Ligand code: RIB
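In structure tokens, one chain follows: the form predicted alone.
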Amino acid sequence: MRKKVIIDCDPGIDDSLALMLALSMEEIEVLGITIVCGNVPVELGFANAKKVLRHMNRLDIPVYIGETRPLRREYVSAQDTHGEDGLGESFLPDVPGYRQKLSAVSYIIRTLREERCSVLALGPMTNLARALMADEEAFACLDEIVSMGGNFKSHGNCSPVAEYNYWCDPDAAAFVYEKMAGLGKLVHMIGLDVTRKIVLTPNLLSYLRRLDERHGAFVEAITKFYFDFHWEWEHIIGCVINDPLAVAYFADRSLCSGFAAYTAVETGGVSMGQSVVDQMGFLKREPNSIVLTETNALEFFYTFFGRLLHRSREDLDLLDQLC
């Protein structure tokens, strides 16, 4: 049975790659896409989601505009990382129309009340926090939340200790983790400990383009800026693609492993946005998260290439050499 999901995101380069993967996977049924301010302002995220849907020939999937600012702190975008347009300054043509009447928060609540599904949270958790505040009962029908965010032992990517999605709206992340604990549900935390192992290299990108010129050219256009950013700041030849791993893990649990623990998110000071994982049980609190710490990068790329390009494992014989 296909797993029904709402994808809550802030496209964003790696969000866009994640959407491409999700829409290519038979295991997943994307019910709708909700946009939150994060990597880019919400209207720009809405525009970028439509560009991806057009590329994937899936403009039938509704996109809902969500929160324009974090719960409490000042909004800081990540356009220094993703480019002025959020898609690596590719400046792809806009897709007019497709604006929905419902807000993202209203859509999340309505959908959870109508059918059991999950949420893939690929950006800050502002939309989810607002939905929980408005209708906590609706979340009793939630299957699970898989969140690309946080970090356990890996260093931060926007502060010494914080990952961007949780740093952008720490109050929302803290609220969602606490409320999920009360509802007896665990947040699957796909943090920097595992996503930093998923690096799209120039060789992998070249292979992708040789296998499929259309998809390869699109990915190349939106990731060039990302490649340059990662070289300047982390001296990586390639770019870390965080969000697609969350999609792949949602469909296939064997791709990552970790442990259950209580996790809190710091909301202020120099450690704002830090995900504090109580691995040793010092706080005597019931687990509210599954913290992923290990992943298999080769198997991820078999999934990414295989699903996106509709290729068998045998057709991807060079991946073993390139990963």
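None of these values were measured; they are calculated from a predicted model. Numbering starts at 1 and runs along the sequence shown.
Separately, the form predicted together with ligand RIB exists; it is not shown, and the next lines address it.
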Would you mind picking out the stretch of 180 to 188, 237 to 245, 95 to 103, 205 to 213 that comes within 4.5 angstroms of ligand RIB in the predicted bound form, counting non-hydrogen atoms?
-> 237 to 245
Ligand RIB in the predicted bound form has a heavy atom of only one listed residue within 4.5 Å, and of V194, I222, A172, M148 that residue is M148
Ligand RIB in the predicted bound form has a heavy atom of only one listed residue within 4.5 Å, and of S77, S118, S90, N157 that residue is N157
Are all three of D15, N39 and H82 close to ligand RIB in the predicted bound form, meaning a heavy atom of each within 4.5 Å?
-> yes
Indicate whether ligand RIB has at least one heavy atom within 4.5 Å of a heavy atom of N127 in the predicted bound form.
-> no
Contact label in the predicted bound form: Y107 to ligand RIB, heavy atom within 4.5 Å | no
Do Y164 and ligand RIB come within 4.5 Å of each other in the predicted bound form, heavy atoms counted?
-> yes
